[in-house]
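Below you will find one chain, with nothing else, as structure tokens; this is the form predicted on its own, and questions on how it binds or moves follow later.
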């Protein structure tokens, strides 16, 4: 019953986010329809859609496979630079559509190369290694004159917030769809087995190396696609705005709060948390960070499986559940 209600809410939300921006178009105004969104709100929805992509893509490797990467932002940056390089008037000068085709391919190839050594590590060793890799990629690109160096690249300005909203929203829908397909495939079952007990999964015949590499490459490609759309939307790319460590922290935080390892959990976490961040954007950044930290601590203690499990699962805010959660989250 609760799953059915969640499905209805999901369909209604998708329809709302699809149709609402259309009220800002000229045909809608010609028909006398009121504009239900202004430009800043449309850009806010685009940012929310971007974090849905980032969080859901991270969930494939971090939630399903149980390999919490802190370096997925590297693929966002590589995708952004691939699109920016191909569309920059001083370099490729190609149409945006061609540039966007490269945004998932470049990160996927890089993930395939670096994935073999990185995925031999586990736990915090893997997390630290991926974080270091992301920082290294940013520093290398920042010192390459061909890629604009510290100045960055300047893709052509396309004045259409509506276009980039639908591109990012489409990327979000694609990412959620890929997650849905993976969770119902043999690959998804293999990733869950790796997350629960990698040695046992290998004994049962799961090709753990191949499954982990596939998950890592798919997550990188989807993350890079978001980076490519961001490059065209922002019309400026440099190390600081496409390799921010904050993005890695936020996508993990959103997945954990919503419920990692599920389809809807990362989506709920990304939408809710990014909306909260935008709501608090006018206040002190310090207080916002404190609030996010407290929210994460409360979620881990009381709802270790995320908000989605509380809504449609068996989690309840009772004393017994609190004690059980402490046992589950203690070392």
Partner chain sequence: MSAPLLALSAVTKRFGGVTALDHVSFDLAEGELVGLIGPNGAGKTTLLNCLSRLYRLDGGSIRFSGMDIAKLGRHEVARLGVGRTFQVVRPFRSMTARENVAIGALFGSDRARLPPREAFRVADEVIDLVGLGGRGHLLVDELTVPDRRHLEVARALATRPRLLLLDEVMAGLNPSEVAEALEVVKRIHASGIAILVIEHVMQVIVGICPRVVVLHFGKVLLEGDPSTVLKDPRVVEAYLGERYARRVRGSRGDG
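Numbering follows the first chain given and starts at 1. Owing to the predicted nature of the structure, the values given are computational and were not obtained by experimental measurement.
Below, we refer to the form predicted in complex with its partner chain, which is not included among the displayed structures.
Heavy atoms within 4.5 Å of its partner chain in the predicted complex belong, among the stretches 248 to 256, 128 to 136, 206 to 214, 156 to 164, to residues of 206 to 214.
In terms of contact with its partner chain in the predicted complex, the residue from 192, 174, 94, 112 that brings a heavy atom within 4.5 Å is 192. The closest heavy atom approach of residue 196 to its partner chain in the predicted complex falls within 4.5 Å. Within 4.5 Å of any heavy atom of its partner chain in the predicted complex lies no heavy atom of residue 100.
Contact annotation: residue 202 falls within 4.5 Å of its partner chain in the predicted complex, judged by heavy atom distances. The shortest heavy atom separation between residue 124 and its partner chain in the predicted complex exceeds 4.5 Å.
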